[in-house]
Structures are given as structure tokens and as C-alpha cells.
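Have a look below at one chain only, the form predicted alone, in C-alpha cells format.
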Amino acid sequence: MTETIAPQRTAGALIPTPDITPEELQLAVRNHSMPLEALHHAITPVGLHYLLIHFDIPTVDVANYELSVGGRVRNPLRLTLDEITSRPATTLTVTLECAGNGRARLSPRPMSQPWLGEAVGTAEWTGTSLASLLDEAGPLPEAVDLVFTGLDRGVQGGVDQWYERSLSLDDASRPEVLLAYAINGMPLPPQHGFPLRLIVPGWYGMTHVKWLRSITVADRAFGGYQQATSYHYRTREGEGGEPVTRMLPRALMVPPGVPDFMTRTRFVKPSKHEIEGRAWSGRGAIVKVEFSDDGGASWARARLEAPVSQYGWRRWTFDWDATRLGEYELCVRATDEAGNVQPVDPSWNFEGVQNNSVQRVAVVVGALHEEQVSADAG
């Protein structure tokens, strides 16, 4: 392997060679994507759900934990975890995806967590309505933004910061927005935001602030680093770019057959195979999924099942006729009800966000698979 050029330590830095860097490896070993075979599960087991941690996982003493709600409100609140969990509870099935999903497929590669395409998961989140809490606090007429501050602190872009994101008052007041304290019927594990996190269905993962310690109602748009600088779609130096918000449509498949250990090329016997996967979008319900076995040159419509929830992914299946020997490149793409279609080719940007180009799976049908099985058996 050739030596890599040391990357810049700023947001949007680019890797001038294809070699992975030690900095990226440090991020990759702390975070993990969802194995594609976990798409078999309608609800992702907690240990298989994708995970991204910006800074360090804070240690929280529940006995001393409080959530504060303040700023431009009539009735500031300080709530213990017991007081939060005693409020009316809601459980929602929600698909979460990292905004940087697919970043490692871009060239040149933006320097950050090197996701390939599996940074997603669907879980049952239990919590209490943020809207009801806001009603109790009583935002003042000049309220514009709600700032959500976590207990995790670090340095990014040269800025020492607590992890903070904001939502407009209107977006935060939507009935599906939760302050969640449980996942799949269990208390949040430390890595998923124990004891409390924000869940905003339909939005990319950076919005779902973990280890939540305060909500501040502000009379102006929030200008913190994670909101105003990071998570923007930029294709030219110096431009402000478009802020990342709701998830673009994406479909993933469970790769058929068995994998080669290093390349993940799949080997299948000549036969008809049912290919399955999941599709989702934060911009409208999935209305179509299409399958291709020739790298996207032609497409055929897949069957759709009912979504797991209004805010969760939708299972699809396709009967693939793989009776002819040879090499194939399988692809899948989704379309949502707003007319958004997954692109065949990636859309490059400095941060590597919103790359929802189609998944590609290399498959060999025939003799090579049979020879490999025979060799393994021998």
C-alpha cells in the first residue's frame, strides 16, 4: 500500500488517494454500519443498528440528571428522568440514516466517517411528545428556534463545542417528534444516547441529538457549528450550501448467495432467486422500487409490502432469474411519492452528504460458486 498524504483536519477535507487513512480508521472502529443481512429484520436488533458518535460517550449519573427547558419561554422547566418517563408515552417505529451514508463511494473522498451505504437502521423508539412539553413551557411570541444540547463535547472545525442542533419551532412542534428514553422496549444503551435523546422521524441522523441535557428556545436562528457550518451540501469552495434535513429515498438489498471474504463478491447457483430488501425516504412514502441485474442499464419493477410504519422502511422483493452463468451487477433504486428517484451515479459534495446513489452488488452465477464450495468441503 502506498503512503497516504496526511489529510487536513478541517470539515470537508479531501483524501487525494484512495488509501484509507489512520484518521478514518479511528472513526470507523468507533462507529459501525448495519450488516446488509440485517435487512431481513423489520425491526433492527439494537446491536445491528447503525451507530455514529461524534465525540465521546458521556457517563451519566441518573440520580443527578435533569433536562432543562428554558430561553424564551413563560415557564422554564427542570425535569428528572423519572418525571419524563412518567409522562404520557408514545412508541414509534422510525428509520434512521446517517447523512453521510455513501460518503466513502465518492472520489475524491471527503474526510470523515467512511460509510459505504449501510449506515441505517429501523427501531421502535419510546418516549414522550416534545410538543406537549413545549406547551407546558409556553414559548414566547418571539420564539424562532429550539436548540438541543447534548452532554457530548469535543472539537470540530477548530471549534470547542457541545454537540448542538436546532429545529424551527414549527418542526419541533410536530406530533411525531419524541424525547426518547427506550429503544426496542429497552432503556437506551449508552451509545444510543442514554438517558434521553431526540427522535425526529424523517430527518437524517445528525438531527436526533443524543444524551440530551437542555432545550433552549431562541428568538433567532441558531448559528452553532453543527447547524450553520456542518451538514451542508456544497459543491464549490466558499459557498454556504444547502442545509441537510430530510432523508432522500434509498433502497438496499440483502446480497444473495454467499460472499467472498475480502471483496464481498457474491456466489450463487444457477436458479431463480428471490431478492429482498428495504426502501425508505423522509420526503414521502416509497411508491416504487426497481431492480436491475445489468448495472442499471435496464430496470424491472419489484413488489412492495406495506411499510412497517408511517416513518419506517418498506420491504420489497423481486424474483431474479439467474439461470444463465456469468457475472452480474445487481442494483436497486427507490422512488417516493414526491417524485424523488435514487440516482444511478453519485452526486459529489465537500462533506459527502446525501449520496443516495444506487447500491451495486457484484454476483457470480455458476461454476465459480460450485468450485469454491467443493474446495471448502474438501
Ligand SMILES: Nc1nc2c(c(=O)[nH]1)N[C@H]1C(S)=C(S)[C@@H](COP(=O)(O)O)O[C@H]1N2
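Predicted, not measured: the structure shown is a model, and the values here were computed from it. Heads up: residue numbers just count along the shown sequence, starting at 1.
Although not depicted, the form predicted together with this ligand is the subject of the following passage.
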His54, Cys98 and Gly150 all contacting this ligand in the predicted bound form, non-hydrogen atom within 4.5 Å: yes
At the 4.5 Å heavy atom threshold, is Ser173 in contact with this ligand in the predicted bound form? no
Residue-level contact is defined here as any heavy atom of the residue lying within 4.5 Å of this ligand in the predicted bound form; does Gln191 satisfy this criterion? yes
When the contact criterion is heavy atoms within 4.5 Å, does Trp211 count as touching this ligand in the predicted bound form? yes
Against this ligand in the predicted bound form, would Arg197 count as a contact residue? Criterion: heavy atoms within 4.5 Å. yes
Any idea which of 59 to 67, 348 to 356, 310 to 318, 46 to 54 reaches within 4.5 Å of this ligand in the predicted bound form, heavy atoms considered? 46 to 54
Of these, Gly71, Gly205, Gly282, Gly296, which has a heavy atom no more than 4.5 Å from this ligand in the predicted bound form? Gly205
Exactly one of Phe267, Tyr163, Phe222, Tyr181 comes within 4.5 Å of this ligand in the predicted bound form through a heavy atom, and that residue is Tyr163
Hey, which residues along 216 to 241 are within 4.5 angstroms of this ligand in the predicted bound form, non-hydrogen atoms only? Tyr231
